[in-house]
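First comes one chain, alone, set out as structure tokens in the form predicted on its own.
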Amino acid sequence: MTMRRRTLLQATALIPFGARVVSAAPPAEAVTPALIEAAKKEGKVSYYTAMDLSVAEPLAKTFEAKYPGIKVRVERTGAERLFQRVAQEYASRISMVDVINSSDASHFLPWKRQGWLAAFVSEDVARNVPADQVDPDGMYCNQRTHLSAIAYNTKLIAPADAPKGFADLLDPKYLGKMVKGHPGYSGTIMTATHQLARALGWGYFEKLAKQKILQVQSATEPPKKIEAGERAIAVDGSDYLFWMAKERGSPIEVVHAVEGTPQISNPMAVFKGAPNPNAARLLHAWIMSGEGQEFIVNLSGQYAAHRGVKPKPGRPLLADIKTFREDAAEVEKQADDIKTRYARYFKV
């Protein structure tokens, strides 16, 4: 079943992620022995995420080691598929998701409107996450930030011949040499497509589609395709996977486009109907703790929401990169149109 975004929209207005309003969030909750004991009695927690399994599974294993007796079930797929799955589960009156993390921040707007999210603010979120990365009512917060960057395989493209920005990708010399993700599957690509269409116009994508691009689904796939040498250039993709491949010794270089690079926030929330509510709060609190955030940064180099966690050495500072503005409310309104236009140009 394909569920169009508008089926979950209502006419009532909603404050978008990061807006400055008077907070109605609940008091911060501490991780207490009582919470840990209650979580251990539940014994399990489901974690829906769009984060690549190379990061999500080690994250889950580290949590399990810290809290023996609690098993984390990682459900990883593209953010747009996660959105559809949650809608289908609720339509069928099935409660399976405990904690969810999406690379499309706009998903949390209708989930909040529908009353599906539980207000939860851990002490770390209250103390260490900037207010513009926390929902005013405490329904969700940004877990991490990454970019959707261009990258290339240095064995297939010489640095002197590499693109410096998105306009360069229209050069005929790159015909048949590129790979990119799909906004109908990936939240990263949905968000990036919105930002690029706003900055460069849809005419850019119409021209790009003529470059005989290998179309894949997830933002996690372009990094793997260029690492394997199946294509020379990634038009987009989760930048942390490019960096992780480079650290493994793969011949990959990341390009921060001269026009700007799409910036992707990745909110996280506890669902109100969570079958394991105590384990859900414990997992959420640990991921947002200094320890959890450092784990994500040290493993993948993504940018932490926790202000006390430093960027991974060797990675550029987020503040030093020219990025496009993210707007979850605009993405929510335009998501169906983005998918339709994209499918028309790329014929996928």
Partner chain sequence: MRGTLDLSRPVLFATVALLTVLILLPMGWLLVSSLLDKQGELTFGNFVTLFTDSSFLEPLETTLIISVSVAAICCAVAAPMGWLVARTDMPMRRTVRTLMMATLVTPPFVGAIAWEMLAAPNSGLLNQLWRLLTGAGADQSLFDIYTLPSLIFVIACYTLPYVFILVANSLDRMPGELEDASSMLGGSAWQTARRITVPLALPVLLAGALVAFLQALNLFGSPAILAIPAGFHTLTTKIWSLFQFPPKAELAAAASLPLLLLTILLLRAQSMVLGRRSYAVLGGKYGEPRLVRLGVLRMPALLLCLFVLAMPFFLPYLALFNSAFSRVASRIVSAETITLHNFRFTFVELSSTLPALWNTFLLATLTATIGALLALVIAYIVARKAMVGHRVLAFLATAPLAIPGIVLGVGLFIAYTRPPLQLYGTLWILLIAFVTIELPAAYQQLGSAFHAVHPELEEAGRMLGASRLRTLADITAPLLRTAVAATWCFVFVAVLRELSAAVILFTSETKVLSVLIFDLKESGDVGAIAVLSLVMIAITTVVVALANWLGGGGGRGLVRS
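Numbering follows the first chain given and starts at 1. Keep in mind the model is a prediction, meaning the values are calculated, not measured.
We do not show the form predicted together with its partner chain, though everything after this point is about it.
- Here is the short version: of G203, G229, G115, P130, the single residue with a heavy atom within 4.5 Å of its partner chain in the model of the complex is G229.
- Shown without its partner, this chain lists A199, V258, L170, M96 as candidates; in the model of the complex, only M96 has a non-hydrogen atom within 4.5 angstroms of its partner chain.
- Here the chain stands alone, but in the model of the complex its contact with its partner chain, taken as any heavy atom within 4.5 Å, falls in 75-83 among 258-266, 191-199, 139-147, 75-83.
- Among heavy atoms of K61, some come within 4.5 Å of its partner chain in the model of the complex.
- The shortest heavy atom separation between A119 and its partner chain in the model of the complex exceeds 4.5 Å.
- Remark: L208 does not count among the residues lining its partner chain in the model of the complex, judged by a heavy atom distance of 4.5 Å or less.
- When contacts are judged by a 4.5 Å heavy atom cut-off, K339 counts as touching its partner chain in the model of the complex.
- Contact with its partner chain in the model of the complex holds for none of W243, E291 and V297, as no heavy atom of theirs lies within 4.5 Å.
- In the model of the complex, its partner chain lies within 4.5 angstroms of at least one heavy atom of each of the following residues of 325-348: D336, K339, F346, K347, V348, in sequence order.
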